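Encoded as structure tokens, the following chain is the form predicted alone, with no partner shown.
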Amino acid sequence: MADTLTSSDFVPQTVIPPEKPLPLMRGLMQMIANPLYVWPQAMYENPYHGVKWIGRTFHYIRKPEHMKAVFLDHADIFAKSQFQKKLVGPALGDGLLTAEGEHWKFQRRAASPAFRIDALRALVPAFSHSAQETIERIKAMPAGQTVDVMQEMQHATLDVIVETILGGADPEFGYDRMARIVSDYIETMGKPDMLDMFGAPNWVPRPWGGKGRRRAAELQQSAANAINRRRASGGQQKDLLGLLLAARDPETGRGLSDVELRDNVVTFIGAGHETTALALTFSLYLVANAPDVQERLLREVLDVCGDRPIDAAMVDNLVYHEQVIKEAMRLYPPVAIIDRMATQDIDIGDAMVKKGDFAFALIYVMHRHKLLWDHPERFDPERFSPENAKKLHRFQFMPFGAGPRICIGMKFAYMEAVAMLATLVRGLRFLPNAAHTVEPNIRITLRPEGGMPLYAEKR
């Protein structure tokens, strides 16, 4: 592994892993509070270990070869586990993120036209426009106070996703309402459930999730209302909803059912804005603390774009911006863990997985693993320069998953994040906030506790 640290020596804050595995009950309680405090230092140094629990083995993988086996070579054997379905199923139903088998394949085919590169390139002006509106909101704030860039990025990316999915602002998907729904859902449903850990059946009451289930029902009803309004209007828009309504299976001619439409609208709005917002949130934290990187970003956007609104051709040439986004997602992957369950016995290469065993792909750990990265704790966008990126194992960097179920919106997210980051650093200088401790926590996605207050000043 060649040492590539040439752009920054900033070591960002994160959770300090325990030196030794925690005792059982303490570990279970900490898993509910924040799983990052459970994974001991050895996980960042060794490629694999398994833990037996209630008659099954939990395989904790962070080796690229194991990732390839689970997500590509034997993807048909590793099904989505009950843990993931419990976390996101109440909100996302049986949409693309949660569906399995032929049901998933049909929905993937139906949604694919909306994510072709020509369709995405047409959206870039919407990305930069939303970022410019964010700049204006921040400029209007009292001088000298901190700005919660996590809140601002969630606002900006929600505006983008509603525009591109529903064809414009929707009264039921305004930022304030969505922020409340997402916050309530994550706080009540977005963490591991002790009953699930002990294998309790689904019929055992879980009253603490009541608020989250109500918020999920609100979100689903709002999506159904948006679909009904579009049908009633008779409009033939080419946004994602229009494409989903028109989609037909080439083999059977079947279209998406009302429930499938609803679940996918919720999936794209919920998952689509959250992950990009977090990638941008952590990117701004990192560049605020690495002024050399921020100045290089500014030079690149001025060289490529000048003072013009950013378009698709410009995004192609904002190479260093994409490196920064990728390095932020290495250090703070929005999806920090992906779990699967084996449906039959399978050898994944120096590890035997039995039917019913769970495989936990620790993306966060792999992205900071000492066997895979030089100085993994440091912020260094040069890891993803065109030359250095070629040296990485294909399954070493997985912020969007991998294999046939890799996130359908990956290219959308990269283009959006690059266009928005370029617009933001051209309009504002971001400065660190020494008074705030950055502590990432897994609540479905990897979020910073207490938001991300930074200082920002206009250029």
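Remember, predicted model here, so these are calculated numbers, not experimental data. Numbering starts at 1 and follows the sequence shown.
The same protein has a further form, the form predicted in complex with a small molecule, not shown here; the description that follows concerns it.
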| property | result |
| --- | --- |
| Exercise: residue 104 in contact with the small molecule in the predicted complex, heavy atom 4.5 Å | yes |
| Exercise: residue 279 in contact with the small molecule in the predicted complex, heavy atom 4.5 Å | yes |
| Residue contact check: residue 87 to the small molecule in the predicted complex, 4.5 Å heavy atom | no |
| Touches the small molecule in the predicted complex: residue 366 (any heavy atom, 4.5 Å) | no |
| The small molecule in the predicted complex reached by all of 149, 284 and 299, non-hydrogen atom within 4.5 Å | no |
| Single option in 223, 359, 161, 324 placed near the small molecule in the predicted complex, where near means a heavy atom within 4.5 Å | 161 |
| Option touching the small molecule, based on a heavy atom within 4.5 Å in the predicted complex, out of 267, 154, 134, 294 | 267 |
| Candidate stretches 79-87, 312-320, 370-378, 341-349 - the one whose heavy atoms come within 4.5 Å of the small molecule in the predicted complex | 79-87 |
